[in-house]
Ligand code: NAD
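Heads up, the chain below is alone and in the form predicted on its own; it's given as structure tokens.
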Amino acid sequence: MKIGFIGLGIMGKPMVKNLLKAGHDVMVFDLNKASVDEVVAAGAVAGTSASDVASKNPLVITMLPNSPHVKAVVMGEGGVLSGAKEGTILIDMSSIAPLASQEIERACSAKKVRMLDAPVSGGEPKAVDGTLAIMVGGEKALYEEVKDLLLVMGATAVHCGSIGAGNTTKLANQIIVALNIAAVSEAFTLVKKAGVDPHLVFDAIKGGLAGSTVMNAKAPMMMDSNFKPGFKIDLHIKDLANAMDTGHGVGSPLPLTASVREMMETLHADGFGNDDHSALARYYAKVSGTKIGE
């Protein structure tokens, strides 16, 4: 299948490579030339603009940082909608505000472009492995049409409801992940301050009710003081900001989300915004005077 792919960041590059490995023809566009060159070396073709990519491919995937970026790339001058033909499919796999997804879909519908919002979870490791969890909003029939393609990039692709439902689901995911990482940071800081080996505690509790995918992935990073980003603090701040905006809009209280967002904002101010979100451990080190890792 001919696919356009716009956005070659930490997640986008490996997603493109998995599409190429599956035999698809992929045309890419990104402002970062090095990223474009990397996927072109893997077999992709470079487009000259978002409009160019959309004009030459019946299906376009966007994977961009936040709502304003997706709006600009899709609806702006030289954007996807300026080049897309009637019947083009747009799958926005960015994590953005649900209301933004709905606004973009209305613009797509006016141009007879069909759209899904399909954000992902799993970070860079699962993007590389092609085992992302994909949460999809939009027409069920369109989801069924592209489901097999989504499963080239993910282990699961679940239809969650109408347009925007994918991003609402992603916000719920990001709240749970953030709070879980904060809980692991807090608990293992306690362990270290109490003079108990965090590695032994991890081995003791990972098989019980406290065990989780988050703890299994992030506790070893904390114990190794390895904060190389699979998912950056700054991106998680963006997701929690979108969650809080959405929560305020629908009247859903998010006090724990607000607390963890403030921890992340402190890390951003301290210059750690590009660290992995497991660097929440740095916040606890700052306020407790004790590092989990050496």
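Start at 1 with the first residue shown and count on from there. These numbers come from a predicted model, not from an experiment.
Although not depicted, the form predicted together with the ligand is the subject of the following passage.
The listed set Ala243, Ile233, Val53, Met63 contains one residue whose heavy atoms approach the ligand in the predicted bound form to within 4.5 Å, identified as Met63.
Relative to the ligand in the predicted bound form, residues Leu8, His69 and Gly123 are all within 4.5 Å by at least one heavy atom. The ligand in the predicted bound form comes within 4.5 Å of a heavy atom belonging to Lys238. Interface residue remark: Ser101 is not counted as part of the site for the ligand in the predicted bound form, having no heavy atom within 4.5 Å. At the 4.5 Å threshold, heavy atoms of Phe29 reach the ligand in the predicted bound form.
Within this chain, Ile181 is remote from the site of the ligand in the predicted bound form, having no heavy atom within 4.5 Å.
Remark: of stretches 91 to 99, 189 to 197, 206 to 214, 106 to 114, the one touching the ligand in the predicted bound form is 91 to 99 (heavy atom within 4.5 Å).
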